[in-house]
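The data below hold one chain only, encoded as structure tokens and taken in the form predicted on its own.
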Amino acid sequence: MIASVTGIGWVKRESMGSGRGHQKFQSKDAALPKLTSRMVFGEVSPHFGRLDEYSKLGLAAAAFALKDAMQDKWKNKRPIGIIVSTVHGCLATDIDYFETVMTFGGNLASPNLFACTLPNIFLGEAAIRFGLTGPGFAVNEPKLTGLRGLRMALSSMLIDDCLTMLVGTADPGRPESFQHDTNVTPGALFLFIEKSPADDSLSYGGLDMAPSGDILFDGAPAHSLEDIFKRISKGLTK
């Protein structure tokens, strides 16, 4: 076993929350909830409101996973890394930004939109808010599974480069003006994984990587982070 999953957090159309008895938001709508800083952090944060939808999704799910692993409170910075996999990332924001660039020769280019035109922006927000000093990557996937990022995290742990990481997926879905057939169910999901957890009782299960590169969760092949999440969820509802 390379690592243990000690925290999960998610934002989906049906619900959002974290694993161990924390309050969950139940949505009856087909759309994702309109996230606010109070819903995520329990307090007002004007900076959160200026983020684009993709960044809010990722930051919220990462925050819930940290809370679930009891790692959301801190005094000293921690060498915790964060990796997110996405298909569309901030593409909708990029499109909106270039619409403002093209208007009047760029004289009305939006600085607020420009600040969210990279898919790794919310990784920096998470690092600042939670005192994370480990590596941070945004990984593009043609099909959203999260396994590319998870392989990177486990490889990092194998060589003792970073022993604790947040690994997840975040995607707001295909922008309406984007014509390519890249439909993805909108939402975000993060796992908090540790090579040597301080409290083994927090573990949801173990992660390993076969020589072929296949990811194993509790000894069985994992086809995606969603697959791992569903298997953990079944245990929580028993």
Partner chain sequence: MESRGTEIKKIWIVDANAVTALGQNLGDTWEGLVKGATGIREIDRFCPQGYYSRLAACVEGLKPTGDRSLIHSLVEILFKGIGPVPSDAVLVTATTKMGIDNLERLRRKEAARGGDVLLSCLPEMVSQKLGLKDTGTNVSASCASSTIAITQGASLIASGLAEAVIVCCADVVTEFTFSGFCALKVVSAFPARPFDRSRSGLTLGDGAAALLMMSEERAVRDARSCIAVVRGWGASNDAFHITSPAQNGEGLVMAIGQALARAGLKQEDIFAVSAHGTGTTYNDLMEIKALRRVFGGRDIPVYSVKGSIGHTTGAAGGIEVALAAKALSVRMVPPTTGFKDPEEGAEGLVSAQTAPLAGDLCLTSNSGFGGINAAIVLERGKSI
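Positions refer to the first chain, counted from 1. The model shown is predicted, which means the values in this text are computed figures rather than measured ones.
Separately, the form predicted in complex with its partner chain exists; it is not shown, and the next lines address it.
- For the three residues Ser4, Phe114 and Thr182, a heavy atom within 4.5 Å of its partner chain turns up in the model of the complex in every case.
- Among heavy atoms of Lys77, some come within 4.5 Å of its partner chain in the model of the complex.
- None of the heavy atoms of Thr103 is located within 4.5 Å of its partner chain in the model of the complex.
- Taking the partner from elsewhere, Thr36 is found to have every heavy atom lying beyond 4.5 Å of its partner chain in the model of the complex.
- Contact check for Met209: a non-hydrogen atom falls within 4.5 Å of its partner chain in the model of the complex.
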